[in-house]
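Okay, here we've got a single chain as structure tokens, the form predicted on its own, with questions on binding and movement later.
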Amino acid sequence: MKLPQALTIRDLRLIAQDKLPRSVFGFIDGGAHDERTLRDNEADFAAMRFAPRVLVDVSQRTQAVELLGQKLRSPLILGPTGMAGLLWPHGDLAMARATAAAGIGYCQSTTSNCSIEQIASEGRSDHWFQLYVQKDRGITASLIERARLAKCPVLVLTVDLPLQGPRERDVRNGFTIPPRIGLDNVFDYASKLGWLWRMANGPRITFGNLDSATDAKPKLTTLTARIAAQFDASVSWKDLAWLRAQWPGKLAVKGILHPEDARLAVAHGVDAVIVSNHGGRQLDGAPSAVSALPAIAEAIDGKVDIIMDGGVRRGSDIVKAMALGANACIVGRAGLYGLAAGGQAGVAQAISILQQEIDITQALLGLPDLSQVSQRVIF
């Protein structure tokens, strides 16, 4: 069911804000500390200006790209975002199915509510899997093997989370996993009857890839604490080398902002670098992803694919990122806003909005084939 009042991603955000409890919306919407980097991710796109060319035949247009061995209808990958099941029952499956129907990429998070196997069997068979290296390397090795058996073509290693960033909005809003209803927020939750009904009648909220690490099914609060304790501040380049040796498929490293780190990643045999500041949720004051992109593209010099992650709210943002050297973009919040607004149909609408905006942007730029975009389209 299409949401007729949603013409843009920002419209979907407002619908999501209206439908979710404040603490749950804040969890997907917020960033670290003062949220400067979160805002810069969008603002630095907005500051860029196009240089359109005219009298070009754009009657036939394509935004298809080939990325890490996959052909995509658009240069767009949804995810990886954890806890999508808090927004809509079977949220990860909804995102996987919507992306498959749209012909774009989908990357599942280690901390998603569905398991790798559920996505492969019930969502789509060619999804990417995002990995956090755990203190218990046995758990890490198990996740790698499960991704291989599920035939995930791409493993995405996130490297910018040795510790979880300080998300003060979550603290102020009293966000917990699972959500807690108390005297301070009872009226807020009571006003979200649709969300409460879906959560009450949906599947048990858990971490589908990690609760199977033990035979017993622990309480979610216990499992959350156990997962938090597994973040490993000792992860280093030697772990990337170990992972490259373990993983037979394509390997991407996510969380790169410095050109020298990009060169090191290439030297360690990765197939793609993902320029990302974790959506502004880790180090506040880090550069926006799009501002870091040109120097990384220059450092890599076409040796591997580059994907940009952070701040995409318009299809035109994706075109700008590609003009600066990205082969495609990861979109996190846009998909989550759609999911919270309307489940799978909302995700599909978010994707459609971005695809339509890409199409009109390339037409007005005089660019029939988006894969041929270059810095000439930017003033």
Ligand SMILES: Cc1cc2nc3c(=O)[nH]c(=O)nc-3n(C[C@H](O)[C@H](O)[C@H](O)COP(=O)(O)O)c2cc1C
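Only a predicted model underlies this, so the values are computations on that prediction, with no experimental measurement involved. Numbers follow the displayed sequence, beginning with 1.
This next part talks about the form predicted together with this ligand, which is not shown.
Can you pick out, from H90, R281, K250, R169, the residue that has a heavy atom within 4.5 Å of this ligand in the predicted bound form?
None of the others qualify; the residue that does is R281.
Checking a candidate spot here: are T111, T158 and R333 all in contact with this ligand in the predicted bound form (at least one heavy atom each within 4.5 Å)?
All three within 4.5 Å in the predicted bound form.
Might G315 be said to contact this ligand in the predicted bound form, defining contact as any heavy atom within 4.5 Å?
Contact with this ligand, no.
Might Y132 be said to contact this ligand in the predicted bound form, defining contact as any heavy atom within 4.5 Å?
Y132: yes, in contact with this ligand in the predicted bound form.
Closest heavy atom of G346 to this ligand in the predicted bound form, within 4.5 Å or not?
G346: no, not in contact with this ligand in the predicted bound form.
Look up in the predicted bound form whether G338 has a non-hydrogen atom within 4.5 angstroms of this ligand, and give yes or no.
Output for G338 is no: heavy atoms all beyond 4.5 Å of this ligand.
Could you tell me which stretch in 118-126, 142-150, 191-199, 103-111 has residues with non-hydrogen atoms within 4.5 Å of this ligand in the predicted bound form?
Correct option: 103-111.
Would you give me the residues of 256-276 that have any heavy atom within 4.5 Å of this ligand in the predicted bound form, in order from first to last?
Stretch hits: a single one, S276.
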